[in-house]
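One chain comes next, on its own, written as structure tokens: the form predicted alone.
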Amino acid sequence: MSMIFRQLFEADSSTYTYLIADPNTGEAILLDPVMETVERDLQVLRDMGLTLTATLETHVHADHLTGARRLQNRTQCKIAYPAMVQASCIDIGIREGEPFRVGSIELHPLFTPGHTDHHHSYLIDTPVQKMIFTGDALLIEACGRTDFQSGDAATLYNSIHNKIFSLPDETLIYPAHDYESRFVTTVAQEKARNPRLGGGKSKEEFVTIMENLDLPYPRKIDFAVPGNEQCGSCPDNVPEGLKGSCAYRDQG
């Protein structure tokens, strides 16, 4: 299996968007696209001669607006979300056990709730390496917060151990965010070094850590969640200073 792969970054929300494409068919998807970087992503696709067939989300994000709807307006691509989100704008509902295909490449959805109750990760099993895109479930030496959006720390612990830490140690982990200029990690590294989960920490220890993080209120959650439940619409309640690409109007 041959595959084109690019890791793209949006600085304001520290979000990674992943371009995955089949070089034989030219079909491509963007995983967790961001509204502010739609033009960049379209230029990357043009430069590589690829056709965007779908956008794919790990979950309804709280820290940025997805670029899914705008990308669909520009390219007529499909919008794929975890099926349990049940939004009218979704073209493809993702479920564990039902592979999501781009050309000959298969992404295997893994239900990994805890950060949200609908969160999915995506596993690609190449002949050389397994790659898992963990969204906000497991980050590099961190994990997604569990104090908003139907989050639950004990559920997240189970998801990480049952669906991610059970993979081979050399499996590459690509998260939806990193805030420290890191790009990739492995199952072995997170099992050994993750401050919240590593070193064989028990579920009780993890829950205590998560309950005492004392994190600030997410600055975009009040408009990002309702906007992303509509695949990247701009709600009326976006503050002036955070409007970003909402001020932009698509041409044509």
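Start at 1 with the first residue shown and count on from there. What you are looking at is a predicted structure, and each value in this text was computed from that prediction instead of being measured.
This next part talks about the form predicted in complex with another copy of the chain, which is not shown.
Of the candidate stretches 176-184, 113-121, 73-81, 154-162, only 176-184 contains residues with a heavy atom within 4.5 Å of another copy of the chain in the predicted bound form.
In the predicted bound form, R193 approaches another copy of the chain with a heavy atom inside 4.5 Å. A residue is said to contact a partner when one of its heavy atoms sits within 4.5 Å of a partner heavy atom; S150 fails this definition for another copy of the chain in the predicted bound form, lying far away. Using a 4.5 angstroms limit between non-hydrogen atoms, G97 is distant from another copy of the chain in the predicted bound form. Residue contact with another copy of the chain in the predicted bound form: M131 places a heavy atom within 4.5 Å of it. A heavy atom within 4.5 Å of another copy of the chain in the predicted bound form is found for exactly one of L167, A87, I92, L172: L172. Contacts of stretch 1-23 with another copy of the chain in the predicted bound form, defined by any heavy atom lying within 4.5 Å, are made by M1, S2, M3, F5, R6, Q7, listed in sequence order.
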